[in-house]
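As a starting point, one isolated chain is supplied in structure tokens, in the form predicted alone.
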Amino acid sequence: MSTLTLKGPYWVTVRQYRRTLWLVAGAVLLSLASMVALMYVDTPTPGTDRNFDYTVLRVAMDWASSAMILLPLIVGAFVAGPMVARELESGTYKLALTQSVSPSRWLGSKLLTAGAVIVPATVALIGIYRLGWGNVAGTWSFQWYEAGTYEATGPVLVAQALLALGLGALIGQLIRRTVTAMALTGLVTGLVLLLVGQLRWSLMPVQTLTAPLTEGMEIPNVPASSWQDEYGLVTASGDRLPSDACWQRTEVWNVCPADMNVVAQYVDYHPSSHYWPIQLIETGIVLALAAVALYAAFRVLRARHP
């Protein structure tokens, strides 16, 4: 990668981590080549090579989903460890400070360089994932709301990577031990993303469908691609009961005792049309957390290196 147009600490940062930058570029290109080779797969036909190819694609997409979930943790660990904590631990950052580079510029150059690589690389990986997802979308474990698929197909993954960048910069300064900072950043990033994920389906109001009790306790007209949030029974007064409330009394799903006054069943769900609004709202929340983490990182830097 050319560093001819870069100056000062930016040039130093790129030179220092040029192997990592080449590794990222190579990983993106390898992912693209692999997905292009797998994406031209038609609907499987039992007993044919086409069915085998489709199976290989699904396995590859499963791995890709897991890798995309772990991507922010890897970003945070690298920033916290090799980029920040290792230099503080070894004292090599002092050399930069003797070259008329302020502490804020030293850290800022690292984070801007990392961000300039992380954002386009993540966007490229999302695009590559979508190439393969187009052949398996809507099938088991690849619905739009599935863990892995949801993150890997929208801008929320970019925001998560930037949050990991901020947390890595903060924790790397606080810990100043490379391995410990990497492990703690991965743990904290994972916990924060898990908590945000728990709030995901409350970011938009659910839609509700009701229907009379039927055999099998199925509600018609629920979109097949919807994410079902809550399911149960409705009484004449409008109260909600668990879906197995009648079964616990009668051991028959669609027969309820008269004293329970059950008149219908209901389901709360998110249709697939909620995908983009939820993605954008969650992206905004995660970006706000990333901004807080970056602000805290520079506050810590100024406190320790006024």
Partner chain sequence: MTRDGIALEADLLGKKYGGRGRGWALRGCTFALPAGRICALVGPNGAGKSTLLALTAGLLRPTEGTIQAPPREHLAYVAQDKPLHPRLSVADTLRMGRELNPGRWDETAAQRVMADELDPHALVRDLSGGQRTRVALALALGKRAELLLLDEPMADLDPLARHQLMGLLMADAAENGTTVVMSSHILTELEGACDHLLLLRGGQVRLDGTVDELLAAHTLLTGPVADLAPHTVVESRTTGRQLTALIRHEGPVEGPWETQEPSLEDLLLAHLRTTPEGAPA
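Everything numeric in this text was worked out from a predicted model, so none of it was measured. Residue numbers count along the first chain shown, from 1.
Below: the form predicted in complex with the partner chain, not depicted.
Enquirer: Using a 4.5 Å cut on heavy atoms, which of 139, 221, 98, 202 is close to the partner chain in the predicted complex?
Expert: Here the answer is residue option 98.
Enquirer: Among the candidate stretches 188 to 196, 151 to 159, 124 to 132, 82 to 90, which one is within 4.5 Å of the partner chain in the predicted complex when only heavy atoms are counted?
Expert: Within 4.5 Å of the partner lies stretch 82 to 90.
Enquirer: Taking the shortest heavy atom distance, is residue 94 within 4.5 Å of the partner chain in the predicted complex?
Expert: Result yes; residue 94 sits at the interface with the partner chain in the predicted complex.
Enquirer: So in the predicted complex, does residue 210 come within 4.5 Å of the partner chain, heavy atom to heavy atom?
Expert: Residue 210: no, not in contact with the partner chain in the predicted complex.
Enquirer: Although the partner isn't part of this model, could you tell me whether residue 295 comes within 4.5 Å of the partner chain in the predicted complex, counting any heavy atom of the residue?
Expert: The answer is no: residue 295 has no heavy atom within 4.5 Å of the partner chain.
Enquirer: Given that the partner chain is not shown alongside this chain, does residue 225 nevertheless sit within 4.5 Å of it in the predicted complex, heavy atom to heavy atom?
Expert: Residue 225 lies outside the contact set for the partner chain.
Enquirer: 11, 19 and 303: each with a heavy atom within 4.5 Å of the partner chain in the predicted complex?
Expert: Result yes, every residue of the spot touches the partner chain.
Enquirer: Can you list, in sequence order, the residues from 101 to 123 that come within 4.5 Å of the partner chain in the predicted complex, counting heavy atoms only?
Expert: Going through 101 to 123 in order - heavy atoms within 4.5 Å of the partner chain in the predicted complex - the hits are 101, 102, 103.
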